[in-house]
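So this first bit is one chain, no partners, the form predicted on its own, shown in C-alpha coordinates.
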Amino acid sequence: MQIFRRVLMVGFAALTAVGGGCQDESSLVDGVFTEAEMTTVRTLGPLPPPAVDTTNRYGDDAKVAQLGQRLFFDPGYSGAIVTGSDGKNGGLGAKGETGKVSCRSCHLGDWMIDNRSQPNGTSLGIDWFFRNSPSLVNVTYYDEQFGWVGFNDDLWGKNLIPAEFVMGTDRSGIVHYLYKKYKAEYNALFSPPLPDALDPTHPEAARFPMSATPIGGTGPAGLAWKAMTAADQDSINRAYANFGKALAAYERLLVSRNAPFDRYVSGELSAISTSAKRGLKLFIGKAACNACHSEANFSDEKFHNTGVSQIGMYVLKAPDFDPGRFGGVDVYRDWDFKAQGAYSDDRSVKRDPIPAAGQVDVKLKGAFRTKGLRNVAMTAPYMHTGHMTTLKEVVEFYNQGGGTRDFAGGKDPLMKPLNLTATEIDDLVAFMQTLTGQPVPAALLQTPAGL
(Lines give C-alpha, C1' and ligand atoms only; values in the text may rest on other atoms or scores of the structure.)
Protein backbone atom coordinates (compact mmCIF):
# COMPACT_ATOMS: atom_id res chain seq x y z
CA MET A 1 0.00 0.00 0.00
CA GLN A 2 2.83 2.40 0.82
CA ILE A 3 4.43 1.60 -2.52
CA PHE A 4 1.12 2.33 -4.26
CA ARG A 5 0.83 5.73 -2.51
CA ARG A 6 4.41 6.64 -3.46
CA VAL A 7 3.69 5.80 -7.13
CA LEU A 8 0.60 8.00 -7.06
CA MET A 9 2.50 10.88 -5.50
CA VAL A 10 5.35 10.63 -8.02
CA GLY A 11 2.86 10.45 -10.86
CA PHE A 12 0.96 13.48 -9.57
CA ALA A 13 4.19 15.45 -9.19
CA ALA A 14 5.17 14.59 -12.75
CA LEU A 15 1.81 15.69 -14.08
CA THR A 16 2.04 18.92 -12.09
CA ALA A 17 5.49 19.60 -13.53
CA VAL A 18 4.28 19.02 -17.08
CA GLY A 19 1.21 21.18 -16.49
CA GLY A 20 3.38 23.96 -15.09
CA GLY A 21 5.42 23.99 -18.31
CA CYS A 22 2.34 24.70 -20.42
CA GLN A 23 0.83 28.17 -20.76
CA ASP A 24 -2.43 28.39 -18.87
CA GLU A 25 -4.90 29.91 -21.33
CA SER A 26 -6.44 31.98 -18.56
CA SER A 27 -3.11 33.79 -18.14
CA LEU A 28 -2.96 34.75 -21.82
CA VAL A 29 -4.20 38.10 -23.13
CA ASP A 30 -7.41 37.34 -25.04
CA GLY A 31 -6.49 33.68 -24.68
CA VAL A 32 -3.87 34.10 -27.43
CA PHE A 33 -0.93 36.32 -26.48
CA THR A 34 1.54 36.25 -23.63
CA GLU A 35 2.12 39.55 -21.86
CA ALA A 36 5.46 39.88 -23.68
CA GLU A 37 3.77 39.28 -27.04
CA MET A 38 1.06 41.80 -26.25
CA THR A 39 3.70 44.37 -25.38
CA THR A 40 5.10 43.86 -28.89
CA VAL A 41 1.63 44.07 -30.43
CA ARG A 42 1.06 47.43 -28.74
CA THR A 43 4.10 48.88 -30.55
CA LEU A 44 2.16 48.41 -33.81
CA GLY A 45 -0.93 50.41 -32.93
CA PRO A 46 -3.17 52.17 -32.67
CA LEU A 47 -2.08 54.55 -35.42
CA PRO A 48 -1.70 58.08 -33.97
CA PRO A 49 -2.24 61.36 -35.86
CA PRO A 50 0.66 62.26 -38.17
CA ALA A 51 3.61 63.96 -36.52
CA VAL A 52 4.36 67.56 -37.43
CA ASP A 53 6.85 67.91 -40.29
CA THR A 54 9.06 70.78 -39.15
CA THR A 55 10.88 70.85 -42.50
CA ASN A 56 7.65 72.13 -44.10
CA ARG A 57 6.21 75.17 -42.32
CA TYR A 58 3.16 74.98 -44.58
CA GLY A 59 2.49 71.29 -43.95
CA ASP A 60 -0.63 71.86 -41.84
CA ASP A 61 -1.90 75.03 -43.50
CA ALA A 62 -5.42 74.36 -44.83
CA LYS A 63 -5.21 76.98 -47.59
CA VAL A 64 -1.87 75.63 -48.78
CA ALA A 65 -3.41 72.14 -48.80
CA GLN A 66 -6.23 73.43 -51.00
CA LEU A 67 -3.68 74.74 -53.49
CA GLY A 68 -1.84 71.44 -53.21
CA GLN A 69 -4.98 69.52 -54.10
CA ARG A 70 -5.42 71.65 -57.23
CA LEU A 71 -1.80 71.04 -58.22
CA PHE A 72 -2.20 67.30 -57.56
CA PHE A 73 -5.16 67.04 -59.93
CA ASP A 74 -3.94 69.57 -62.53
CA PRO A 75 -2.38 67.95 -65.63
CA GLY A 76 -1.55 71.27 -67.25
CA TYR A 77 2.14 71.41 -66.37
CA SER A 78 3.08 67.98 -67.77
CA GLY A 79 5.17 67.66 -70.90
CA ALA A 80 4.83 65.79 -74.17
CA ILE A 81 3.56 62.21 -74.11
CA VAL A 82 6.12 59.68 -75.30
CA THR A 83 3.97 56.54 -75.34
CA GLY A 84 0.45 57.37 -76.41
CA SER A 85 -2.79 55.50 -75.98
CA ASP A 86 -3.32 52.50 -78.25
CA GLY A 87 -6.83 51.92 -76.99
CA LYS A 88 -5.69 49.14 -74.68
CA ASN A 89 -2.79 50.36 -72.57
CA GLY A 90 -4.67 53.01 -70.59
CA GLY A 91 -2.62 55.78 -72.16
CA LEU A 92 -3.53 59.37 -71.36
CA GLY A 93 -3.39 60.89 -74.81
CA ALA A 94 -1.73 60.82 -78.20
CA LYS A 95 2.02 60.87 -78.60
CA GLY A 96 3.30 64.45 -78.45
CA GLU A 97 0.28 65.88 -76.62
CA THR A 98 1.05 67.99 -73.55
CA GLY A 99 -0.90 68.81 -70.41
CA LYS A 100 -2.39 65.32 -70.08
CA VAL A 101 -0.69 63.79 -67.02
CA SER A 102 -1.28 64.78 -63.40
CA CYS A 103 -0.22 63.26 -60.09
CA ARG A 104 -3.74 61.85 -59.87
CA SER A 105 -3.22 60.00 -63.16
CA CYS A 106 -1.17 57.31 -61.38
CA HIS A 107 -2.73 57.59 -57.90
CA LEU A 108 -6.39 56.84 -58.52
CA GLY A 109 -9.49 55.81 -56.63
CA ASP A 110 -10.08 55.79 -52.90
CA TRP A 111 -6.70 54.23 -52.15
CA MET A 112 -4.67 56.26 -54.66
CA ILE A 113 -3.17 53.44 -56.71
CA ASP A 114 -2.78 52.95 -60.44
CA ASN A 115 -5.62 50.78 -61.72
CA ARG A 116 -5.55 52.37 -65.17
CA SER A 117 -2.31 51.26 -66.84
CA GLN A 118 -2.37 47.94 -68.70
CA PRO A 119 -0.47 45.78 -67.97
CA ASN A 120 -1.01 46.85 -64.40
CA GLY A 121 2.42 46.15 -62.89
CA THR A 122 4.01 49.51 -63.64
CA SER A 123 2.53 52.87 -64.60
CA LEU A 124 2.04 54.61 -67.92
CA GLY A 125 2.20 58.37 -67.58
CA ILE A 126 4.25 60.37 -70.10
CA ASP A 127 5.91 57.05 -70.79
CA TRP A 128 6.09 53.67 -69.11
CA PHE A 129 7.78 53.80 -65.72
CA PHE A 130 9.81 50.86 -64.44
CA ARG A 131 8.24 50.62 -60.97
CA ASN A 132 4.76 50.25 -59.54
CA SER A 133 3.01 53.42 -58.29
CA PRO A 134 2.53 52.98 -54.52
CA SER A 135 -0.50 54.25 -52.61
CA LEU A 136 -0.30 57.77 -51.19
CA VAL A 137 -2.79 57.10 -48.41
CA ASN A 138 -0.86 57.47 -45.14
CA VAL A 139 2.31 58.44 -47.02
CA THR A 140 2.81 61.18 -44.44
CA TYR A 141 3.56 58.52 -41.80
CA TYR A 142 6.94 57.76 -43.31
CA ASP A 143 9.50 59.69 -41.36
CA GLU A 144 12.57 60.01 -43.54
CA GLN A 145 12.55 57.59 -46.49
CA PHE A 146 10.11 58.38 -49.29
CA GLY A 147 9.54 56.34 -52.41
CA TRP A 148 10.68 52.84 -53.25
CA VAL A 149 14.38 53.69 -52.93
CA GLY A 150 14.37 56.75 -50.66
CA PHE A 151 14.94 59.40 -53.30
CA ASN A 152 14.45 61.97 -50.57
CA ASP A 153 14.20 62.29 -46.81
CA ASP A 154 11.16 64.57 -46.64
CA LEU A 155 7.77 64.32 -48.31
CA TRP A 156 7.77 67.72 -49.98
CA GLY A 157 11.19 67.09 -51.52
CA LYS A 158 10.12 63.68 -52.80
CA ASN A 159 7.13 65.34 -54.49
CA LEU A 160 9.54 67.24 -56.70
CA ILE A 161 11.12 64.11 -58.18
CA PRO A 162 8.28 63.14 -60.60
CA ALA A 163 8.10 66.52 -62.32
CA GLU A 164 11.73 66.41 -63.41
CA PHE A 165 12.08 62.68 -63.92
CA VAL A 166 8.77 61.28 -65.16
CA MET A 167 6.34 64.08 -66.10
CA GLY A 168 8.23 65.60 -69.01
CA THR A 169 8.87 68.99 -67.45
CA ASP A 170 11.40 70.65 -65.14
CA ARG A 171 11.54 73.08 -62.24
CA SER A 172 11.59 76.22 -64.37
CA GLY A 173 8.62 74.95 -66.38
CA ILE A 174 6.71 74.26 -63.16
CA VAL A 175 7.42 77.73 -61.78
CA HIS A 176 6.34 79.36 -65.03
CA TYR A 177 3.10 77.38 -64.79
CA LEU A 178 2.59 78.55 -61.21
CA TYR A 179 2.98 82.16 -62.38
CA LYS A 180 0.64 81.68 -65.33
CA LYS A 181 -2.22 79.91 -63.51
CA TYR A 182 -1.75 80.27 -59.75
CA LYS A 183 0.09 83.56 -59.27
CA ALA A 184 -2.52 85.17 -56.99
CA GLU A 185 -2.98 82.05 -54.84
CA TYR A 186 0.76 81.45 -54.60
CA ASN A 187 1.64 85.03 -53.67
CA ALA A 188 -1.07 85.08 -51.00
CA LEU A 189 0.44 82.02 -49.31
CA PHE A 190 4.18 82.16 -49.84
CA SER A 191 6.92 84.71 -49.39
CA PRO A 192 8.74 86.01 -51.32
CA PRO A 193 6.23 86.35 -54.19
CA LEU A 194 6.92 84.96 -57.63
CA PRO A 195 9.27 87.23 -59.64
CA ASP A 196 7.49 89.57 -62.07
CA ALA A 197 10.07 88.66 -64.71
CA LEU A 198 8.33 85.26 -65.06
CA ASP A 199 5.80 87.15 -67.19
CA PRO A 200 6.85 86.40 -70.79
CA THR A 201 6.09 90.03 -71.73
CA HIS A 202 8.33 91.43 -69.01
CA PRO A 203 11.43 93.31 -70.28
CA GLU A 204 13.66 90.93 -68.27
CA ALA A 205 11.78 87.72 -69.11
CA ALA A 206 14.99 86.21 -70.56
CA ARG A 207 16.26 85.83 -67.00
CA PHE A 208 13.90 82.89 -66.52
CA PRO A 209 13.99 80.40 -69.42
CA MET A 210 10.82 78.35 -69.91
CA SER A 211 12.88 75.19 -69.47
CA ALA A 212 15.87 75.11 -67.14
CA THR A 213 17.20 72.68 -64.55
CA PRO A 214 20.55 71.75 -62.99
CA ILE A 215 19.91 68.09 -63.77
CA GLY A 216 19.71 68.86 -67.49
CA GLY A 217 23.39 68.06 -68.08
CA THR A 218 24.69 69.50 -71.35
CA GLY A 219 21.23 69.60 -72.92
CA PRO A 220 19.34 72.83 -73.59
CA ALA A 221 17.66 72.88 -70.16
CA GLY A 222 20.97 72.28 -68.39
CA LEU A 223 22.77 74.98 -70.36
CA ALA A 224 19.91 77.39 -69.76
CA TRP A 225 20.23 76.79 -66.03
CA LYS A 226 23.95 77.45 -66.05
CA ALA A 227 23.35 80.74 -67.84
CA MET A 228 21.10 82.01 -65.04
CA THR A 229 22.41 84.08 -62.14
CA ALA A 230 22.66 82.39 -58.75
CA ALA A 231 19.92 84.69 -57.42
CA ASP A 232 17.52 83.72 -60.21
CA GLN A 233 18.34 80.03 -59.76
CA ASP A 234 17.47 80.45 -56.10
CA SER A 235 14.15 82.10 -56.99
CA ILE A 236 13.22 79.12 -59.17
CA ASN A 237 14.35 76.61 -56.55
CA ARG A 238 12.44 78.32 -53.76
CA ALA A 239 9.19 78.45 -55.74
CA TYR A 240 9.71 74.85 -56.82
CA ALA A 241 10.21 73.83 -53.19
CA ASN A 242 6.95 75.56 -52.29
CA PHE A 243 5.23 73.64 -55.07
CA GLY A 244 6.35 70.44 -53.34
CA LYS A 245 5.33 71.76 -49.92
CA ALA A 246 1.82 72.56 -51.16
CA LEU A 247 1.48 69.02 -52.54
CA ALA A 248 2.72 67.65 -49.21
CA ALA A 249 0.18 69.74 -47.26
CA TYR A 250 -2.55 68.07 -49.31
CA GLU A 251 -1.01 64.60 -48.94
CA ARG A 252 -0.84 65.04 -45.17
CA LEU A 253 -4.64 64.96 -45.23
CA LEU A 254 -4.75 61.58 -46.98
CA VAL A 255 -4.92 59.73 -43.70
CA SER A 256 -6.66 56.46 -42.92
CA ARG A 257 -6.87 55.44 -39.26
CA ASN A 258 -9.03 53.38 -36.89
CA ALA A 259 -8.49 50.03 -38.59
CA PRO A 260 -9.96 46.93 -36.93
CA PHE A 261 -6.45 46.13 -35.69
CA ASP A 262 -6.25 49.53 -33.98
CA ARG A 263 -9.56 48.92 -32.26
CA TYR A 264 -8.32 45.52 -31.15
CA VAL A 265 -5.16 46.97 -29.63
CA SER A 266 -7.34 49.56 -27.89
CA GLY A 267 -9.27 46.79 -26.16
CA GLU A 268 -12.10 45.87 -28.54
CA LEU A 269 -11.30 42.15 -28.55
CA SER A 270 -14.01 41.27 -31.06
CA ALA A 271 -12.68 43.73 -33.67
CA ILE A 272 -10.66 41.04 -35.47
CA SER A 273 -11.32 37.37 -36.16
CA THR A 274 -9.77 34.36 -34.48
CA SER A 275 -7.86 33.66 -37.69
CA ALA A 276 -6.50 37.22 -37.72
CA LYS A 277 -5.38 36.87 -34.10
CA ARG A 278 -3.47 33.72 -35.02
CA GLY A 279 -1.99 35.63 -37.94
CA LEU A 280 -0.92 38.47 -35.66
CA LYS A 281 0.78 35.96 -33.36
CA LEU A 282 2.65 34.59 -36.39
CA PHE A 283 3.47 38.12 -37.56
CA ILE A 284 5.38 38.87 -34.35
CA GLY A 285 6.54 35.29 -33.80
CA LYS A 286 7.25 32.42 -36.18
CA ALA A 287 7.04 34.54 -39.34
CA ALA A 288 8.97 37.46 -37.73
CA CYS A 289 7.40 39.95 -40.14
CA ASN A 290 7.84 42.72 -37.58
CA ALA A 291 11.62 42.46 -37.92
CA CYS A 292 11.10 44.87 -40.84
CA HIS A 293 7.41 45.82 -40.68
CA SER A 294 7.62 47.57 -37.33
CA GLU A 295 6.00 50.44 -35.43
CA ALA A 296 2.56 51.88 -36.16
CA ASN A 297 3.18 52.33 -39.89
CA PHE A 298 4.54 48.77 -40.12
CA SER A 299 7.83 49.89 -41.67
CA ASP A 300 11.36 50.19 -40.34
CA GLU A 301 12.09 52.57 -43.26
CA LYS A 302 15.25 50.61 -44.00
CA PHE A 303 16.29 48.99 -47.27
CA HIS A 304 16.16 45.25 -47.81
CA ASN A 305 16.78 43.00 -50.80
CA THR A 306 14.04 40.37 -50.73
CA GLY A 307 14.89 38.85 -54.09
CA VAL A 308 11.93 40.19 -56.07
CA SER A 309 12.40 38.98 -59.64
CA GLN A 310 12.18 41.64 -62.34
CA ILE A 311 8.98 40.29 -63.87
CA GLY A 312 6.92 42.43 -66.22
CA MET A 313 7.10 44.13 -69.59
CA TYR A 314 8.50 47.47 -68.48
CA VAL A 315 10.70 46.71 -65.47
CA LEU A 316 14.49 46.92 -65.74
CA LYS A 317 15.86 43.69 -67.15
CA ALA A 318 19.17 41.80 -67.29
CA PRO A 319 22.06 42.19 -67.01
CA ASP A 320 21.82 44.91 -64.36
CA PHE A 321 18.16 44.74 -63.26
CA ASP A 322 16.79 47.42 -60.92
CA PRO A 323 19.62 48.65 -58.64
CA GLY A 324 17.16 49.84 -55.98
CA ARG A 325 18.64 51.93 -53.19
CA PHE A 326 22.14 51.51 -54.63
CA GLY A 327 21.16 53.75 -57.54
CA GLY A 328 18.76 55.92 -55.56
CA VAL A 329 21.47 57.26 -53.26
CA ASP A 330 23.05 59.21 -56.11
CA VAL A 331 19.78 61.02 -56.82
CA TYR A 332 19.27 61.70 -53.12
CA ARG A 333 22.81 63.02 -52.67
CA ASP A 334 22.53 65.57 -55.46
CA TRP A 335 18.94 66.68 -54.80
CA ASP A 336 18.52 70.30 -53.69
CA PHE A 337 15.47 69.70 -51.52
CA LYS A 338 16.63 67.55 -48.62
CA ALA A 339 15.61 68.01 -44.98
CA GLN A 340 18.98 69.61 -44.24
CA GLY A 341 19.10 71.54 -47.50
CA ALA A 342 18.74 75.25 -48.18
CA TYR A 343 14.98 75.07 -48.78
CA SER A 344 14.06 73.13 -45.65
CA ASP A 345 12.25 75.00 -42.89
CA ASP A 346 14.12 73.08 -40.19
CA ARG A 347 17.69 72.23 -41.10
CA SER A 348 18.36 70.91 -37.60
CA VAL A 349 16.51 67.70 -38.48
CA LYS A 350 19.01 64.87 -38.55
CA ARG A 351 19.01 62.15 -41.18
CA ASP A 352 21.38 59.28 -41.87
CA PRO A 353 24.63 60.42 -43.52
CA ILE A 354 24.63 60.14 -47.31
CA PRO A 355 27.50 58.00 -48.65
CA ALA A 356 29.94 59.82 -50.89
CA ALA A 357 29.94 59.06 -54.60
CA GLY A 358 31.55 55.70 -55.23
CA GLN A 359 31.16 54.63 -51.59
CA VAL A 360 27.58 53.30 -51.58
CA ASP A 361 27.41 49.92 -49.82
CA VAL A 362 27.12 47.16 -52.41
CA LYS A 363 24.64 45.46 -50.07
CA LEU A 364 22.13 48.10 -51.16
CA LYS A 365 21.99 46.69 -54.69
CA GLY A 366 18.45 45.55 -55.34
CA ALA A 367 17.32 46.79 -51.92
CA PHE A 368 14.03 48.65 -51.51
CA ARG A 369 12.50 50.52 -48.58
CA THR A 370 10.19 48.46 -46.40
CA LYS A 371 6.66 49.38 -47.41
CA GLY A 372 4.18 50.17 -44.67
CA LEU A 373 1.34 47.66 -44.45
CA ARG A 374 -1.50 49.99 -43.57
CA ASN A 375 -4.40 49.40 -46.01
CA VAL A 376 -2.29 46.82 -47.83
CA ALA A 377 -5.34 44.68 -48.64
CA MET A 378 -6.66 47.56 -50.78
CA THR A 379 -3.51 48.47 -52.68
CA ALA A 380 -2.72 45.62 -55.09
CA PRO A 381 -0.68 44.99 -57.18
CA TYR A 382 2.31 44.37 -54.93
CA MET A 383 6.10 44.75 -54.96
CA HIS A 384 7.98 47.41 -56.90
CA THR A 385 7.37 45.36 -60.04
CA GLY A 386 3.65 45.11 -59.40
CA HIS A 387 3.60 41.52 -60.62
CA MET A 388 1.91 40.02 -57.56
CA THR A 389 -1.83 40.50 -57.45
CA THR A 390 -2.89 38.99 -54.10
CA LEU A 391 -1.68 39.12 -50.51
CA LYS A 392 -1.54 35.34 -50.50
CA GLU A 393 1.04 35.46 -53.32
CA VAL A 394 3.09 37.89 -51.25
CA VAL A 395 3.02 35.71 -48.13
CA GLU A 396 3.89 32.62 -50.18
CA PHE A 397 6.84 34.55 -51.63
CA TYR A 398 8.17 35.29 -48.15
CA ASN A 399 7.36 31.80 -46.96
CA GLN A 400 9.78 30.36 -49.52
CA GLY A 401 12.47 32.81 -48.44
CA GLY A 402 12.08 35.27 -51.29
CA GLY A 403 13.07 34.97 -54.92
CA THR A 404 15.95 33.05 -56.41
CA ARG A 405 16.80 34.77 -59.70
CA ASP A 406 16.57 37.83 -61.94
CA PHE A 407 17.27 40.57 -59.40
CA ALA A 408 20.24 42.79 -58.61
CA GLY A 409 22.54 42.14 -55.68
CA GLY A 410 22.21 39.54 -52.94
CA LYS A 411 19.29 38.82 -50.65
CA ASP A 412 19.08 40.16 -47.12
CA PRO A 413 20.16 37.57 -44.51
CA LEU A 414 16.70 37.94 -42.95
CA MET A 415 15.20 36.24 -45.99
CA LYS A 416 14.86 32.61 -44.96
CA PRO A 417 12.10 30.02 -45.51
CA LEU A 418 9.39 30.41 -42.88
CA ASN A 419 7.92 26.89 -43.10
CA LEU A 420 4.37 28.16 -42.70
CA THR A 421 1.49 25.80 -43.27
CA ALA A 422 -1.34 26.63 -45.68
CA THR A 423 -3.54 27.54 -42.71
CA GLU A 424 -0.86 29.80 -41.26
CA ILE A 425 -0.52 31.60 -44.60
CA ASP A 426 -4.26 32.20 -44.60
CA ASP A 427 -4.08 33.46 -41.03
CA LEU A 428 -1.35 35.97 -41.90
CA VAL A 429 -3.46 37.26 -44.79
CA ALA A 430 -6.44 37.53 -42.45
CA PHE A 431 -4.37 39.65 -40.08
CA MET A 432 -3.16 42.00 -42.82
CA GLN A 433 -6.75 42.52 -43.90
CA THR A 434 -7.43 44.01 -40.46
CA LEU A 435 -5.06 46.89 -41.25
CA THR A 436 -7.55 48.61 -43.56
CA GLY A 437 -8.56 51.88 -41.95
CA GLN A 438 -11.39 54.29 -42.56
CA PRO A 439 -11.54 55.81 -46.07
CA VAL A 440 -10.01 59.18 -46.83
CA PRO A 441 -12.71 61.92 -46.86
CA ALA A 442 -14.38 61.92 -50.26
CA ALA A 443 -13.86 65.66 -50.81
CA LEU A 444 -10.09 65.12 -50.88
CA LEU A 445 -10.44 62.67 -53.76
CA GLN A 446 -12.52 64.89 -56.02
CA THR A 447 -11.14 67.02 -58.84
CA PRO A 448 -11.34 70.67 -57.73
CA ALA A 449 -13.67 72.91 -59.68
CA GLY A 450 -12.19 74.57 -62.71
CA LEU A 451 -9.75 71.81 -63.68
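A quick note: this is a predicted structure, and the numbers were derived from the prediction, not measured. All residue numbers are counted from 1 along the displayed sequence.
A second form of this protein, the form predicted in complex with a small molecule, is not displayed here; the remarks below concern that form.
In the predicted complex, which of the stretches 346-354, 303-311, 205-213, 269-277 has residues with heavy atoms within 4.5 Å of the small molecule? In short, 303-311.
If the cut-off is 4.5 angstroms on heavy atoms, which of these, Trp148, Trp335, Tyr179, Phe190, is the one near the small molecule in the predicted complex? Of the candidates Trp148, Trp335, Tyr179, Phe190, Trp148 is the one lying within 4.5 Å of the small molecule in the predicted complex.
Pick from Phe321, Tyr264, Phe368, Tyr186: which has a non-hydrogen atom within 4.5 Å of the small molecule in the predicted complex? It is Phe368 that has a heavy atom within 4.5 Å of the partner.
Quick one: in the predicted complex, does every one of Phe33, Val255 and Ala296 get a heavy atom within 4.5 Å of the small molecule? Negative, none of the three is within 4.5 Å.
If you check in the predicted complex, is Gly125 within 4.5 Å of the small molecule, heavy atoms only? The answer is yes: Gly125 has a heavy atom within 4.5 Å of the small molecule.
Given that the partner is absent here, does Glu251 sit within 4.5 Å of the small molecule in the predicted complex, heavy atoms only? Answer yes; at least one heavy atom of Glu251 falls within 4.5 Å of the small molecule in the predicted complex.
4.5 Å heavy atom contact, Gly90 to the small molecule in the predicted complex: Output for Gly90 is no: heavy atoms all beyond 4.5 Å of the small molecule.
Any of the heavy atoms of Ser102 lying within 4.5 Å of the small molecule in the predicted complex? Result yes; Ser102 sits at the interface with the small molecule in the predicted complex.
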